[in-house]
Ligand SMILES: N[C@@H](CCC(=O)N[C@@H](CS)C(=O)NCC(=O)O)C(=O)O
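This document starts with one chain, in the form predicted on its own, laid out as structure tokens.
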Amino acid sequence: MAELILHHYNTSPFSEKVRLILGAKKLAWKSVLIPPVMPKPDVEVLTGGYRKTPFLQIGADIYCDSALIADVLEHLQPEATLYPEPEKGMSRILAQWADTTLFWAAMAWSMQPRGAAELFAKAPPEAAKAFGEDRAKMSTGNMTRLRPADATSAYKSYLRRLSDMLDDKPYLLGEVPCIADFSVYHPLWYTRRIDSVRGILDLTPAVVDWMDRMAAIGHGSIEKSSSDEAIAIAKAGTPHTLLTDSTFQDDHGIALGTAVTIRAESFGLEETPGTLVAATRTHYTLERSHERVGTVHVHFPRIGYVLKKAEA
């Protein structure tokens, strides 16, 4: 099996989602720690512009977004499956809700003034300012951010609904964790790390017990690595995707071989330019070249991303 390299940082909630999936599948992986805020020169060399965290590297293939990473890990290690039947469709829909609606409610609650003050209490003042400015730049466009008061009401309701789902089973959709559990867990994990705001979780003891079961999964076998090593591996490799669907699905009138850009719909709007070499029912792939990494393929999920022809 090719080496799995996860580019992440320790306090990234979406990284925690992927770390737990790696643990559940008992996979060994290399850990490359990246900056939580821009600039990220080594990240941009590999991804071509995508700057969200985490991303997974396998040789000269770069997989962006935790939803797509989960599909890659499922292909590498089908057991235990993230998408059990007959709840396969439900698990994906619940995961998408958790990665978006639940996530932003949890972040607005967790990053209210007292939560933010605790998180940056031991950091220099400029660190908090840089983090705030960085995330503000990522949020430009039509994205609506919840105020803490509105987020409080929503978050409490979501936690009660999750608690109801755990009344008669150990995990959200059954006897074993699925993609829904990993996606719901990571925003709650972020809240739980902050003493001044974690009390909201105590209102739903069943959710806390479920979080303990999820945390016990662990992160698998980890080896520390560096950006320089990861870049060298990419340069020595040849792109060879592990995504299983390959049939061209043209929903944009854009032919393969066209110069295009891809960006997220609403958060982290930096564009990644490249040549479109795959557009299937589930993902896009761009081919890119850079003197430091050679030729790489950068992969994105269709859902949540915008494909456009590059401007002449």
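Predicted model, so just to flag it, every value in this text is computed and none were measured. When you see a residue number, it is the position in the sequence shown, counting from 1.
The same protein also has a form predicted together with this ligand, omitted here; what follows describes it.
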On the criterion of a non-hydrogen atom at 4.5 angstroms or closer, are 14, 67 and 135 all touching this ligand in the model of the complex? yes
Is residue 53 close enough to this ligand in the model of the complex to count, meaning some heavy atom within 4.5 Å? yes
Residue 36: touches this ligand in the model of the complex, heavy atom cutoff 4.5 angstroms: yes
Please run the contact check for residue 40 against this ligand in the model of the complex: heavy atoms, 4.5 angstroms, yes or no? yes
So which stretch, 45-53, 25-33, 252-260, 278-286, is the one near this ligand in the model of the complex (non-hydrogen atoms, 4.5 Å)? 45-53
Quick one: which residues from 254-293 get a non-hydrogen atom within 4.5 Å of this ligand in the model of the complex? 267
